[in-house]
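As a starting point, one isolated chain is supplied in structure tokens, in the form predicted alone.
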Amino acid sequence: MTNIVNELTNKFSNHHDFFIEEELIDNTIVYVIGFTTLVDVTKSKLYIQQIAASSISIKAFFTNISNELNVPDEQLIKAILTGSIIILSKDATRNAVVEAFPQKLGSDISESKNESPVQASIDAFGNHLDINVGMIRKRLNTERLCLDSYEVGQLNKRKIYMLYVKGRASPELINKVEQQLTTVQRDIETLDDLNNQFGHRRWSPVSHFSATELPIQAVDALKNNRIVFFLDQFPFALIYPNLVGDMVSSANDRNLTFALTVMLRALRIIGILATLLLPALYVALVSVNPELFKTDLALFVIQSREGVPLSAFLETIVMVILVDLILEGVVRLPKSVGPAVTMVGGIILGQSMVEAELVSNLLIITITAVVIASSAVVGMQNSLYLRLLKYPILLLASVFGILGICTGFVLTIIYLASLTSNEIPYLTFRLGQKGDET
């Protein structure tokens, strides 16, 4: 191989979608080089062969196939990264940059269904690995973006792509992840199987991964020193490790002004606290520590619960479970039925329970606020685990009141602080740059 081919091979050694293929044209070997995730290799090679067939010599072939001939090495690298293919003669005396047939990145791209970006592209990842990687490369066209591929499983082999930015992600973290992926001894059927491969968290509601279907979110994670995985037939990018800041921070926020970004993140923090504490606070103030109310407010609460036969804890636990059931039903049911369940569960059932004096008006307001607050955080899985964590605090509040809320909240923070992903604490807000920029 020529020096430039050796240089390209070394530069893209961590890119498993990088290809170098040989073609024989006019008894001269030429190299065809590019990325399979950006280039339709079959169509591009057919085009090259057609030009070769109509050319009388290797010199005529290079003249006919492109206007960009004998360009510097830096431009060759840039052309590869931007989705072109380059053709090199074996003796390195000629090269050409050719506009290749691109991968049909738009054929499997649809709108985001689980996330709603504001003032940003609504394209979402699909089931095809190469298309997903191509969407990343279109937005992050640097040679430092590395791709490693793995095939895991015993009976059902599945492909996993790992992307990271060389010089940004920690080499120690990359080595540990590579070891974990190369020692998979089971089929990876679900995200939970992959999650367990990165550390035992079977009973933990917090995942090692933050899932997103937005390319802008995955690119932002790569730029911020993290690793992104793609699992075939899974239309999400898995950002590793999952950090607590993912609940309040979104790359789309930066499409707004700084003041609006700060406001949105403050609202999400309020949403997290409201989801965890509001039901417990209702029980504590109504049944355990009513003396904390002012007189007129205490009278209002007593009036709102007049005739309710259930204790504050029982009516609250019934309502939060009922609301969680309704939310789960709305998610699982077809879109044509979901709104009807929302109407029946949220309005008719809630109003009926108030009129039957089974729950108070104040509790309905509290539960409604909790549902809205839990939806303010970024990521559906984060909303789900917050809804789960509110139950232990609610139980402690029913026994110890305000003291139970404080204890439950502190225990929750301690539990979250104990979670790690390859020794990276979950409560880390931002990963430092550990790699060598060069």
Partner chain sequence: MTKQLQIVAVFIIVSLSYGYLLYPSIIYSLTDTTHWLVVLSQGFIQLILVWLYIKGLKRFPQHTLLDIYSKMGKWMTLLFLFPFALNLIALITFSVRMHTETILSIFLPRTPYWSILLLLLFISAYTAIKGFDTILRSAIFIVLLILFIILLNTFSSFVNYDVYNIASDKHVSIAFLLNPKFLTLIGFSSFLFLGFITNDKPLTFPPFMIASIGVIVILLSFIYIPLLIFGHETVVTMPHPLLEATDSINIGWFVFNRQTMFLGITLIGFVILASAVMLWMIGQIMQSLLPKSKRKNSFWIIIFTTFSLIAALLLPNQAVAEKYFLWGVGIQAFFMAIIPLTIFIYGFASKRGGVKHEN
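Residue numbers count along the first chain shown, from 1. No experiment lies behind these values; they were computed from the predicted model shown.
A second form of this protein, the form predicted together with the partner chain, is not displayed here; the remarks below concern that form.
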item	value
The partner chain contact in the model of the complex: residue 21, any heavy atom under 4.5 Å	no
is_contact(residue 396, the partner chain) in the model of the complex, heavy atom dist at most 4.5 Å	yes
Residue contact check: residue 69 to the partner chain in the model of the complex, 4.5 Å heavy atom	no
4.5 Å heavy atom contact, residue 391 and the partner chain in the model of the complex	no
Contact check for 293, 402 and 407 against the partner chain in the model of the complex, heavy atom at 4.5 Å	yes
Segment that reaches the partner chain in the model of the complex - one of 141-149, 76-84, 281-289, 315-323, heavy atoms within 4.5 Å	281-289
